[in-house]
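The chain below stands alone and is given as structure tokens, in the form predicted alone.
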Amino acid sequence: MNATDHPTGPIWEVIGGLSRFAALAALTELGGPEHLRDAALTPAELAERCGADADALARVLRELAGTGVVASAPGGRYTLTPAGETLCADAPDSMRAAVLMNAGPELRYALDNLPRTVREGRSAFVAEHGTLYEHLSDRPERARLFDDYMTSRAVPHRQAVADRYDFSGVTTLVDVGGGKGHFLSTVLAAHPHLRGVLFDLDHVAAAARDHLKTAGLVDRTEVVGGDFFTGELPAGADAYLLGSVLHNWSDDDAVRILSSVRAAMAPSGRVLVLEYALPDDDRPHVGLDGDIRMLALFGDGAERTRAQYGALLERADLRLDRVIDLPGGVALLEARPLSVEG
């Protein structure tokens, strides 16, 4: 009988993932991908460049060859695969920040203490360290790494929205909680008729202005500082985008955000919610992994199913009209006012 057919097979597969990720993080932190991109190297040659032990590094490379990150080459050498090339810092779709952030002390603490979180119903990380954003506020290097991680994670999502959604009926798009403006600039670049408004906290707005200026979009954009809980959002726009915003918050807080948007939007306006859309059955989904991270790190935050998002929207007087599936397990949920005054 094949070992994978044994009832213990799925358990061993999950356990093995810990070792594979540890090897991936080690190679990335040592700078191995950058050296292997330049030339195929033996473990000893790579170890000399990385300042590592050759025998130990050989075992890491052997493990990663089985994952498709590196591949064996003649002469006992190893070379990078296309997947491995994404571990380089300057790769177009670099995964370096994602690997190092997920291997870092924040997530390690959060996941190691998941039993406590589940018992108490509150993130053990938040209980000990405050929110992740508070924790990172006096750790600039980790904060930059987290920012790079979030930016790289969103690249395929924002391009998919720009390519797949029909913005022909939209004149003004408000990006709610839009950060530095990467999402908004991608959409505006693909749709020259659009004007954009970025709405985020005051200390974020300054960085957004710089990014939109660099992107050559100053004439087509406005940056407004404010809080989507306590401040009024720019009113009367055709569409309001919430890109990976709601999953950071509890159901009640998500409804508060949506209600703020609902109060600002025109009767003919629409809300676009970009999030992982979890399956309603037992199918594996990348968003399920993300949901455990949200539970461990944030406690109140959660990934949700389409039905759950539909219920949140309805509580905010919004009707889920359609769902557009996008690559990577995310979906764009389009909603319109449930009731129209007058």
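For every residue, the number given is its place in the sequence shown, counted from 1. If you're wondering where the values come from, they're calculated on a predicted model, not measured in any experiment.
Quick note: we don't show the form predicted in complex with a small molecule, though the next part is all about it.
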query	finding
Contact test, all of 33, 80 and 99, partner the small molecule in the model of the complex, heavy atom 4.5 Å	no
189, 160, 126, 150 - the one with a heavy atom within 4.5 Å of the small molecule in the model of the complex	150
Listed residue that, although the small molecule is not shown, lies within 4.5 Å of it in the model of the complex (heavy atoms), from 103, 145, 204, 264	204
Stretch in contact, per heavy atom within 4.5 angstroms of the small molecule in the model of the complex, of 162-170, 111-119, 82-90, 219-227	219-227
4.5 angstroms heavy atom contact with the small molecule in the model of the complex for residue 154	yes
Distance check, residue 244 to the small molecule in the model of the complex, heavy atom within 4.5 Å	yes
Proximity of residue 211 to the small molecule in the model of the complex, heavy atoms at 4.5 Å	no
Contact test in the model of the complex: residue 199 vs the small molecule, heavy atoms, 4.5 Å	yes
